[in-house]
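Okay, here we've got a single chain as structure tokens, the form predicted alone, with questions on binding and movement later.
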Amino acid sequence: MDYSQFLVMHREIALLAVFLVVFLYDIFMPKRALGATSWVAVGAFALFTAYSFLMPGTNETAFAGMYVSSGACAAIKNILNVGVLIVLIQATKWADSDLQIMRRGEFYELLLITLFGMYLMISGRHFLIFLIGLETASLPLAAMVAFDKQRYESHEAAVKYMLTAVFSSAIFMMGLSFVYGLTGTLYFSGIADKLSEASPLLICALAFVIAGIGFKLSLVPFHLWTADVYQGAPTSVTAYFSVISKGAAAFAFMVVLAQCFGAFYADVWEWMLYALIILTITVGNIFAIRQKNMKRFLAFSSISQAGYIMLGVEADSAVGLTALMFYVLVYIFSNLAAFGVIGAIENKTGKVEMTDYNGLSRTNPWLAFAMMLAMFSLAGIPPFAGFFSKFFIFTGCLSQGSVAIYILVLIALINTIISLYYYLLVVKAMYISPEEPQIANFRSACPERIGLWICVLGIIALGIVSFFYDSIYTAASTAGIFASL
């Protein structure tokens, strides 16, 4: 075996180096120096993020084609790095609290390991590598959900997540066994070469594969764990759940469908996704209207947003992949801004109900402003970034040109109007509600303010500067993901 092949995985190796820095610092440093653990983790990951942006995304393969590095893979990894860095910054106050200070090192270590698994999902071109990445990304998340040991809700959420994760993995592997039985290989390219016609077994296998990955994306009807887990998990973990795992799973999902089953787009999985997208967007929107807890509210919002992300997968083209990655980038800034406000208020007051936000603009105008921008961006109101992400995702989907796709986009547009209503409910509570403010004026922690500033600047900048979309399109069009279709 030529061990130089590991050098192709330079981002994964650098990420493991960050993990070792945090792990060794947490284990061996004297007690008086452990107060800096959070900032060591943030600083090390910030350097890694800068390194990742400086390293070009070249088209390389390793381990007989089981692992692939490309411009598109590098782009989505860089996008995820930005989100993780914001999460780490926003989590500093919570991790340094009296209840978490003894195990904050474990929080950072588990988070980095899950990100490593997502990297393998993104670059894997063999289902064995993909499955290793999927489980590496999933299992530590259960421990992160249960991190608040003093709260019953956290334990309940972890059990629900673990059980559904186990069943979804079993369904996914059942689908893979059918695929292997049909083709005799687990290589993405080999599967595409061996499959010549749609068969009942192939349709069943593809349905199982979509169901397994649909759990990671919270697609309806695989979403039932989402609201309870989001509510029970610590807010910093929920923020990580809501954006990072979705971005990695969406990209990997598109690669699997395009490279393995691209020849059966019109016959099989176009219609499967068509139904899933309509259900996901509609159910997410309807149930979001009914929520009073802010974390459950954003849970159903994230379910709906996953449906919009899937429109990029439905496009099955480089334009669709570009729109998907740009949507994930915008979603990271928008959703983390919302969770940043929720986390800051929860850390100070323990309040997470929507009624607690009544009159927030009168006592904490900066937090109310950041939440308003986040809601406007998630709703797709111009000129904020969310408007352009939805515009590009609709445009990418319409590039297919079929009547069914036009109907799908029309349904998604109608649902956008519905989502505007419930996002504005939060703005109404903060700015228009005549009730007395429930939250007194307070000054949020410095890391929380830094995280919110980054998110606000990202929401505004991505709505103005087109450079980001152009760069992502260049990477997506040269990745070769759709070359064989």
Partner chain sequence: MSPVIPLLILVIPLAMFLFLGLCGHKMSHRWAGILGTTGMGVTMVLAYITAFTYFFSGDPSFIDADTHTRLQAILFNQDWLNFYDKLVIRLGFLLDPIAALLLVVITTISFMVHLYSNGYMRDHHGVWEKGFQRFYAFLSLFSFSMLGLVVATNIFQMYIFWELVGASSYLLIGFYYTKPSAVSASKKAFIVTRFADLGFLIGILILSYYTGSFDFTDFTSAPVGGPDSTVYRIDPATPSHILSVFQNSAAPIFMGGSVLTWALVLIFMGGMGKSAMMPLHIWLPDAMEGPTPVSALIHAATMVVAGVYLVARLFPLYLMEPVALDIVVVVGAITALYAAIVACTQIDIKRVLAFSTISQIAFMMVSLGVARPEFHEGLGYMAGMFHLFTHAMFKALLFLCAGALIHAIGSNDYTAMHGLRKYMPVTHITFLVGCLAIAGIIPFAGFFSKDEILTATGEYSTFWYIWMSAVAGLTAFYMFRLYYLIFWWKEHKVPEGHHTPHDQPWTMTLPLVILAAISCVAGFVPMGNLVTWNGVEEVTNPNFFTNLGNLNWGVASVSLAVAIVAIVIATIMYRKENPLPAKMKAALPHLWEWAHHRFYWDELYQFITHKIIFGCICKPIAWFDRHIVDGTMNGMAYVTNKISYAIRGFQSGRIQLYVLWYLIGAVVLAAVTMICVLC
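Numbering follows the first chain given and starts at 1. Note that the structure is predicted; figures quoted are calculated from it, not measured.
Keep in mind that the form predicted in complex with the partner chain is missing from the display, and what follows is about it.
Partner proximity in the predicted bound form, defined as non-hydrogen atoms within 4.5 angstroms of the partner chain, places exactly one of 271-279, 77-85, 97-105, 336-344 at the interface: 271-279. The three residues 207, 211 and 290 all sit with a heavy atom within 4.5 Å of the partner chain in the predicted bound form. Although the partner is absent here, residue 464 is a contact residue: one of its heavy atoms lies within 4.5 angstroms of the partner chain in the predicted bound form. At least one heavy atom of residue 391 is located within 4.5 Å of the partner chain in the predicted bound form.
In the predicted bound form, the partner chain sits within 4.5 Å of a heavy atom belonging to residue 228. Remark: residue 300 counts among the residues lining the partner chain in the predicted bound form, judged by a heavy atom distance of 4.5 Å or less.
Scanning 317, 154, 168, 358 against the partner chain in the predicted bound form with a 4.5 Å heavy atom cut-off leaves one residue, 168.
Contact annotation: of the candidates 182, 132, 286, 404, the single residue with a non-hydrogen atom within 4.5 angstroms of the partner chain in the predicted bound form is 286. Residues of 217-231 lying near the partner chain in the predicted bound form, listed in sequence order, are 221, 222, 223, 224, 225, 227, 228, the criterion being any heavy atom within 4.5 Å.
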